[in-house]
Ligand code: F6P
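Shown below, as structure tokens, is a lone chain in the form predicted on its own; questions about how it binds or moves come after it.
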Amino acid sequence: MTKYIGILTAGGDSPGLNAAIRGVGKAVINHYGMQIIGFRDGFRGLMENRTMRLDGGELSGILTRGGTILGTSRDKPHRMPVGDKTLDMTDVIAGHYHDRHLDALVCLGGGGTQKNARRLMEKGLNVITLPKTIDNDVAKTDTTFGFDTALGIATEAIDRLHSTAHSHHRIIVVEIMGHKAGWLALGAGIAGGADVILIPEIPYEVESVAEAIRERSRNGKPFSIVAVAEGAISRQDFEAQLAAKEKKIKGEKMAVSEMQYADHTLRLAKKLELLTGLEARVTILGHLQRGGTPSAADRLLATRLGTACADLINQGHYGVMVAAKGDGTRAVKLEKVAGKIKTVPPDHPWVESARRVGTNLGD
């Protein structure tokens, strides 16, 4: 009997989403004779039963397009705003899944999507996920689609900023996405020749950064590029966070309700100005890193994962994420992925390479 497949994209947009939709869609239609329907705007569209027809015509010409033709949202099935309330809508979603006589639901997304997909799996839905995020922080996969494109954009930005830093004898601080994982800042920093790279996994001493910049000035290089992940944190703030967490665990009243460090990059730039005597300028790349045409590598990866997903559906293999493994793929159980995060190990080869070429990592 013909299988009926649903597909959605959730979380932040990312280059390669359309390539993945196309990979899944064309493989299930052309190779396996299945039918596929898209749900608009992530889990909200599934809850509201808003769909988009996906056939050969809709899947044609989207390989090179950024964003997602299905639209996306950050709504969670178990905590979804409905009117003036926030409700658990997993049963409603499960009802629409069964009403549509779906055999499987494909969810494209990052860490949050993996957790939400697992919740639906526990409601009895046949779920398969694909790992998407520019942060490259989804567990149990070599890489995620979207990362390579963002890496290229961030690297090009650093390349372009070198000339301004050199011409004006300035410190240029470039903020790159990455709240909890520093893959993007580390990779772009190395590829772009940044003099300092600060990532969440390695708390930094601002004096160490300043001394590295002063040493460059003493050696006749009165400019520096600092690549900083948005989630980078100073050693002092890191220790304050640990103390706050310990107090919360013990049930003590915290001096600070939540450790928030807004405008971290701007404050870092001001400190470096004071400590080095050089002007500092901040460039925040923001959503530029997520937009535009996906790279060839991301198109290839998304297509590989998408077609492998179709194979798993044909085999009736559900409750898994399709992970990249070398040049191939592997199916990883969702319980091994959901709630996990892939951070940069302190001894990762990228970290070691950065140190060997003289990059300061703030420690």
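Residue indices: 1-based, along the sequence shown. Computed from a predicted structure; not experimentally measured.
What follows is about the form predicted together with the named molecule, which we do not show.
When you look in the predicted bound form, the only residue of H287, K85, K245, R218 with a non-hydrogen atom within 4.5 Å of the named molecule is H287.
Put simply, of M177, A117, V173, V209 only one has a heavy atom within 4.5 Å of the named molecule in the predicted bound form, and it is M177. For the three marked residues, E48, K76 and V127, no heavy atom of any sits within 4.5 Å of the named molecule in the predicted bound form. Segments offered: 129-137, 200-208, 89-97, 151-159. Contacting the named molecule in the predicted bound form at heavy atom distances within 4.5 Å is 129-137. Although the partner is absent from this view, E230 contacts the named molecule in the predicted bound form, with a non-hydrogen atom inside 4.5 angstroms.
Contacts between 197-224 and the named molecule, taken as any heavy atom within 4.5 Å in the predicted bound form, involve no residue at all.
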